[in-house]
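Single chain ahead, written as structure tokens, the form predicted alone.
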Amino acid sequence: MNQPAHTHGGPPGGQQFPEPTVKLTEGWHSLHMYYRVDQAALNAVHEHHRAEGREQLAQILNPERDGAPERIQTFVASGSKADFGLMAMDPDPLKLDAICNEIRSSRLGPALIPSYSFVSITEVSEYVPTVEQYAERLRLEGTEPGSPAFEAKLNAYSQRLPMMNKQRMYPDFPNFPVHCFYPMNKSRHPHANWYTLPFSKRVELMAEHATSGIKFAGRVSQLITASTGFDDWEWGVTLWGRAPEHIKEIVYTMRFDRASAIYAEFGPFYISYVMAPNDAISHVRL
């Protein structure tokens, strides 16, 4: 009878692994949750209990409370897909899951129906150039190595890169009022399969894509989280806009990049407006 190549008695070859944990060794877990209000269920809640439920919900969503995740933001959703939502991030995924359970078990829980969720983690994309790769890009663009322009650009990038990567892994939420979320994949179509392209080609296409996005600095802030193995899509895209029209402009503009026009597949879009918990609760008439 065939025997398994490895049993649970210990790691193969005497390898030493860190202790098992649900926490990330680097970066944060991310959770987007959207809720719909069941008006009939809400009407059935006694007014005294509704007031208690509003206080409970505001406390659950309060980013300053004891035990709050590292980041949590509340917003009201436009359209019929959802009434309100939240985005939360923390090293511990169970702390994010606890928020959902606290909402479900609150006085208003029976009236708050989850309508969409997205689970992901932060990452530094493999397409973010290292300092050495950036130097090579400058050379290919015609900036002479050793020249003052080359050294100035390389030095600026080397100083900027650690801060950019920290923001990707441990992001601060910008103080912008418009929140947009959508999931996406890279295409596996037989005639447009991203995963059969050589790495150098994918880097070229993503560099073009990034150049389009940089033009919106100060108007739109973007966070890409990875969801391969965590959800039905490969990435989640969160955009914060200084004004609503900036969201439309950046999505429209970047769709003309080859990485998007040929190789991107998009899921549903959720457009929302950031509010403090009490304001969101009032807005959706809880």
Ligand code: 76R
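Heads up: residue numbers just count along the shown sequence, starting at 1. Quantities reported herein were computed from a predicted structural model and do not represent experimental measurements.
Just so it is clear, the following notes concern the form predicted in complex with this ligand, a form of the same protein that is not shown.
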{"property": "In the model of the complex, the one of E151, E123, D92, D97 near this ligand [non-hydrogen atom within 4.5 angstroms]", "result": "E123"}
{"property": "Position in contact with this ligand when the complex is considered in the model of the complex, options F173, Y182, Y170, Y116, heavy atoms within 4.5 Å", "result": "Y182"}
{"property": "Contact at V128, M254 and S260 by this ligand in the model of the complex, all three, heavy atom at most 4.5 Å", "result": "yes"}
{"property": "Contact test in the model of the complex: W235 vs this ligand, heavy atoms, 4.5 Å", "result": "yes"}
{"property": "Contact test in the model of the complex: Y273 vs this ligand, heavy atoms, 4.5 Å", "result": "no"}
{"property": "In the model of the complex, Q222 touching this ligand (heavy atom, 4.5 Å)", "result": "yes"}
{"property": "Contact of I250 with this ligand in the model of the complex (heavy atom, 4.5 Å)", "result": "yes"}
{"property": "Options 70-78, 212-220, 100-108, 83-91; stretch whose heavy atom lies within 4.5 Å of this ligand in the model of the complex", "result": "212-220"}
